[in-house]
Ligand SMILES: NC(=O)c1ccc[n+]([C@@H]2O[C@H](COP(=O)([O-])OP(=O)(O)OC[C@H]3O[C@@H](n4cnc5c(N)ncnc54)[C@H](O)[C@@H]3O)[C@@H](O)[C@H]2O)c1
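Single chain ahead, written as structure tokens, the form predicted alone.
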């Protein structure tokens, strides 16, 4: 059994404990948090799990093969670095780190020590995103033309990191995955803070590519309603992915357009196609269990995880550039 240590028992940590406890070939042997009440809550559910107050205590244990970090974003890099240097495989809650340089350093350590480094981009393991990925890979949608995503709600404000790092990270990871790592050449972003914290609570990100693909992401903590909707346009078909919808999360539209070559250069002819709407059946397995099993498989069998370190690097590269663009009032930042 693979010995797992989990650091951080705030919002996400208990979910990780539950799913790693259910994962095959793994055993949660200890958890760490400085909050005694959080530790006791875990103890009441998992009495055999050791309770620790410091992350370093997890890293020092010989019975721990892999560490899972669910701590504040600014601690991801230093804690992941310590864990890797201690010879532990590492899974980090999104985002992987706070800069491209930090991610590259973690990747170098993992390579040097022969360890797995993975990021928890949970949405990649949902049945909905897996279905969209299959539609893109099979060519059913045709050439990818646009990705337009809205992820808004009221709260929760983070005093240390903007809404870009909290919410947009999900949409960036989804786009990176379904497009097989299609890399943008530039990013432009705008955002504003409506509090004295000075942290952007609403932001808009646009990604530009060398072809006709474009991606746009809206993120907000100050919306009166919760919306999780993504529109994906292909040259053959289009998809609407609504994560708030309980049963019909994906709708495939057999709709599109074509432009005829004009005899008169001033009269372009555009033909529109309105076909059927299909609602595919989506697997209902818990995404976080998929993350846990993927991490364990990567360690035990050497398989490449879906949410691998390259996914983490691609997303953090864009997040860092987007934050830079926000500070420059939307100025385009090159990624090449």
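What you see is a predicted model, and the numbers here were worked out from it, not measured in a lab. Positions refer to the first chain, counted from 1.
This next part talks about the form predicted in complex with the ligand, which is not shown.
- Contact with the ligand in the predicted bound form, judged as any non-hydrogen atom within 4.5 angstroms, is confined among 87 to 95, 140 to 148, 244 to 252, 110 to 118 to 87 to 95.
- Although the partner is absent from this view, residue 78 stays clear of the ligand in the predicted bound form, with no non-hydrogen atom inside 4.5 angstroms.
- Mapping the unseen interface onto this chain, residue 181 falls outside it, with no heavy atom inside 4.5 Å of the ligand in the predicted bound form.
- Of the heavy atoms in residue 32, some are within 4.5 Å of the ligand in the predicted bound form.
- A residue is said to contact a partner when one of its heavy atoms sits within 4.5 Å of a partner heavy atom; residue 122 meets this definition for the ligand in the predicted bound form.
- Of the candidates 206, 220, 130, 71, 71 is the one whose heavy atoms come within 4.5 Å of the ligand in the predicted bound form; the others do not.
- Contacts between stretch 124 to 160 and the ligand, counted in the predicted bound form as any heavy atom lying within 4.5 Å, involve no residue at all.
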